[in-house]
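There is one chain below, alone, in structure tokens, taken in the form predicted alone.
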């Protein structure tokens, strides 16, 4: 069981406690069961105490004699009351130890799901931007939700299988002690049953792998559909998305039905065949080996319980096989993200006192050339605006500046240091970034600005709001900075949302503020407000903006025209013509 071995290596302390508790639970149950044969002999009138006189009675077995000698060694007389107390005590101890084991299983299962989710999340957040771009959001969502939960359930199923296995071995051991010949006949036959029905486990494992693939596909398609549901409905094309989702859902339903059918077949086949082989063991015990009725009754109990638990082991293993593909899929995703981890720490400490300079930079994206010998200069303290048609590489320049992407040729200089020799983590702490899509969290204005950073105070929030030109409207709200913004900021206007996002970018006092089409979705009045904010920040920090807005071009100190994989610095006359 490679999956359970992986869990044991990951949680050695928890699983050791679980195994010890399960073993003690099984031993306690065995002690209680060992008193059953003397109890039955007493009930039918046999002189159980004669076993201690040295004269064996015909109806007494070596097993019963050894049990009575053991009880006698600790001062327990073979009376009806004592045997009943031993049985009750055995059940009580079993329940206590089983409670400890089940608690460890539950706690560990919860920790498994939590650790897998955090491991996946951290691996993705630390991965290279190129890797992240190629990952469907639905796949990541499925990994964090269903795959982590199915992995946790597989651990519970595996631990439960171990619980049943220990109990089956205890009962099987007692049955062997009573009559190893009769028990051997029954257990060999039972093993044959398990072997013959194992093909149902293989069917379930294949169906589980198919479930994992289909859930990933379904979640990916569902996420994409929900993100584009408005244009689909606007063009009456939602039925096309429904067809794709319905296909995945129906295929997933088939995989789940196969799992249900194989599980039901396993239950039915095991119960019938195990009952038959228990009867075979009883027939051998009475008809061939001439065992007494009390011993046969105990043998039936022991074999019945042993077979029952062996059957439960296989059923739990079947459930484990159903979900184990989710665990390995999640671990593969984590490993792939770890392999794509960014090298952030190390290198020179960035200062950014003079400029960011692109020197003969080449960059290809998926083997498609974007830049060839690109050169431009972003002056510290100035507002530089990039203009040009869609696909000309404006956003790529920003991604290269942030070091989300690395050039295939040429050098990007931060002052006099190549950017690839700079401590990137420190460099990004000097950057404030305002994206085109103003996505706000369904939380307060203050939380959307600080993002929960405990080192930032209310004064820092107010300072950032003032710098972003947002303090006037925020302070006039009934709850001020504690106002809830609604889902995706829906309670605020577009201009208000944009200025909140600008305040978020300014909260840590960046050296470089990047605006990536930050005014493209705003009305003229909101655009003018943002432009005024940028003009007020000129000289306090460096601003790099992508914009087609006339006001942002007019406010810029430098404007670069992007076209054909190159950048041309516009003079004042060209800038004037651009704003006409």
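Here the structure is a predicted model, which is why all the values come from computation and not from measurement. Positions refer to the first chain, counted from 1.
A second form of this protein, the form predicted in complex with a small molecule, is not displayed here; the remarks below concern that form.
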With the small molecule left out of view, choose which of 394, 312, 447, 357 has a non-hydrogen atom within 4.5 angstroms of it in the predicted bound form.
394
Just give me the single entry in 253, 390, 243, 476 that has a non-hydrogen atom within 4.5 angstroms of the small molecule in the predicted bound form.
390
Tell me the stretch among 114 to 122, 167 to 175, 367 to 375, 301 to 309 that has any heavy atom within 4.5 angstroms of the small molecule in the predicted bound form.
367 to 375
May I ask you to check whether residue 436 falls inside a 4.5 Å heavy atom distance of the small molecule in the predicted bound form?
yes
At 4.5 Å between heavy atoms, is residue 517 in contact with the small molecule in the predicted bound form?
yes
Is residue 133 close enough to the small molecule in the predicted bound form to count, meaning some heavy atom within 4.5 Å?
yes
